[in-house]
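A single chain, nothing else alongside it, follows as structure tokens in the form predicted alone.
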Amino acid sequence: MSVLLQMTGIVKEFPGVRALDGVDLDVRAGEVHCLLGQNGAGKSTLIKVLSGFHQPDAGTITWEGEPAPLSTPAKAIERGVGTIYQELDLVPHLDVAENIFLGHEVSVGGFTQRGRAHQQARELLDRLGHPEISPTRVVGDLSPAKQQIVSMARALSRDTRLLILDEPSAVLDQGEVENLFRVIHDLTRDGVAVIYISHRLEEIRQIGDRITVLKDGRTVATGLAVQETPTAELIRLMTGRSIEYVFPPRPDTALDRGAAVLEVRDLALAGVFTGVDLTVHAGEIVGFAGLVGAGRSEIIETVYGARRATGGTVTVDGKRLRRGSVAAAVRAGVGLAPEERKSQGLLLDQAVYANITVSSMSRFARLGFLDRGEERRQSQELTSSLDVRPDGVTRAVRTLSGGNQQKVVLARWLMRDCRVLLLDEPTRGVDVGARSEIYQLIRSLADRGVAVVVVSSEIEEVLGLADRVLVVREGVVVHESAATAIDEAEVLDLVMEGKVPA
């Protein structure tokens, strides 16, 4: 396979930080080149250089052997670079077809041809295996998984020669991941090169040809053959040390559990889920497993008051919460770390400390004034304990990587001393080293008496972290048991077929 893209000695600096410090990368036509590294290693900055959003301060970029400065996003697109970011950049109030052809509308003589646009959008969605998505549907009304599909259709609507996928499977269920891999195989067979970024090493084994590893803005290995490089070696390259990927130990027996903190009875949200019963005790971690769209996220959002229940009750420490009231839930000690942290969980242009203290402002009030110094001091203690990088609580949270942004969301509820913590995909987009830290943090919160509920698309994560597991299928809890009483294959049977283990 011929070399399509060659990057040599790429350097990119921002005020106070060198995000890229001499990165080398070559990508061949028709291959899947996997880009690995911890959060903050420079992956996001590198793909923004490739996409024309950032200009390198040093280094060279060649395309098919010729110098190719990607000076703007438009120039990158002209070269055939298509990028699908982890945090999707769709326009929520436009429909699917309008998003797919945004910037290169289907037109004749300056007039938009909506009928042709809808037909071409339908063909792209069929190619991606999602004929159920209507070209006229408003994108903001779609689930995150279907928005991902629309973003892929938009990239494929152009003459794409290099497709960059940043954590593409994070919001997809197993069937959709398999469909994604089918599409990638079709593209590479046609000579399209793919840069695939994922923290899920098992996916790298399935889809990748070669690997480049970044650490602290530098290339520490490149061109590694996927099938010839052990997982332990990849982890060592990413982290600089060996990490045993294990979950923290559970308490020995259920007798250590405290009193019931969260009680949910016959909870319902019309058209989404119905008849949900849930009890979570002090010191217990309960996990929700199920396919994307099964209703898992909507259940905990309804418990939090972000959605107004159409039936049932939610009680915290014996006090019934008002339906649809986030304020009432927060006052009762309920915290939520949402799946879409950028759009739902963070004030991106505010400082790190402001994001941490936003739910605990009363503790910093002094005679009607906020003690900003104390805000920063306590926030710094939390970020240091969680190893949020880069250090410094006055920087805008937008400048942090996805994994470090997730730590800031968790720090907010640590500061609040919440009684119930609801975690939706807590390790989405988080590297293997930081995952272990977050697992330890969640278990330590439970050990302090917090009632924890975890929603995750990764069955291994639910079974490894939780004490008790509820399986949701099509809006109904179809199974509940101790995590140790069910295995991954049985959970898959339940979520796919509704089969109850013998």
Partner chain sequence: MSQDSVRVERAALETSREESRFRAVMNSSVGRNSGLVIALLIVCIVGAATAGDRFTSTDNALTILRLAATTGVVSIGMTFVIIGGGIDLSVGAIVALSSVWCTTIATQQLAEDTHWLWMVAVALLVGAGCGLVNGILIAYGNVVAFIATLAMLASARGLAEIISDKKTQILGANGIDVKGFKDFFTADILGVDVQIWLFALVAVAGWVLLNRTTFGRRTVAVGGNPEAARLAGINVRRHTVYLYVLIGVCCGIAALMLVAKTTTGSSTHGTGYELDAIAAVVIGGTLLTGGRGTIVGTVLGVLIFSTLSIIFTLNNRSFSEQSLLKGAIIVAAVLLQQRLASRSST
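Since this is a predicted model, take the numbers as computed values, not measurements. Positions refer to the first chain, counted from 1.
Omitted here: the form predicted together with its partner chain. The next part is about that form.
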Work out which of Lys342, Arg200, Arg265, Arg116 lies within 4.5 Å of its partner chain in the predicted bound form, going by heavy atoms. Lys342
Pick from Ala270, Val91, Ala259, Ala232: which residue has any heavy atom within 4.5 angstroms of its partner chain in the predicted bound form? Val91
Select, from the options 190-198, 287-295, 426-434, 407-415, the stretch whose residues sit within 4.5 angstroms of its partner chain in the predicted bound form by heavy atom distance. 407-415
Contact test, all of His104, Gly110 and Asp141, partner its partner chain in the predicted bound form, heavy atom 4.5 Å: yes
Even though its partner chain is not shown here, does Asp159 get within 4.5 Å of it in the predicted bound form, heavy atoms only? no
Please check if Glu132 has a heavy atom lying within 4.5 Å of any heavy atom of its partner chain in the predicted bound form. yes
His185 versus its partner chain, in the predicted bound form: is there a non-hydrogen atom within 4.5 Å? no
Taking its partner chain as it sits in the predicted bound form, is Pro73 near enough to touch it, meaning that at least one heavy atom pair lies within 4.5 angstroms? yes
Suppose contact means any heavy atom within 4.5 Å; which members of 353-374 contact its partner chain in the predicted bound form? Tyr353, Ala354, Thr357, Val358, Ser359, Met361, Ala365, Gly368, Phe369, Leu370, Arg372
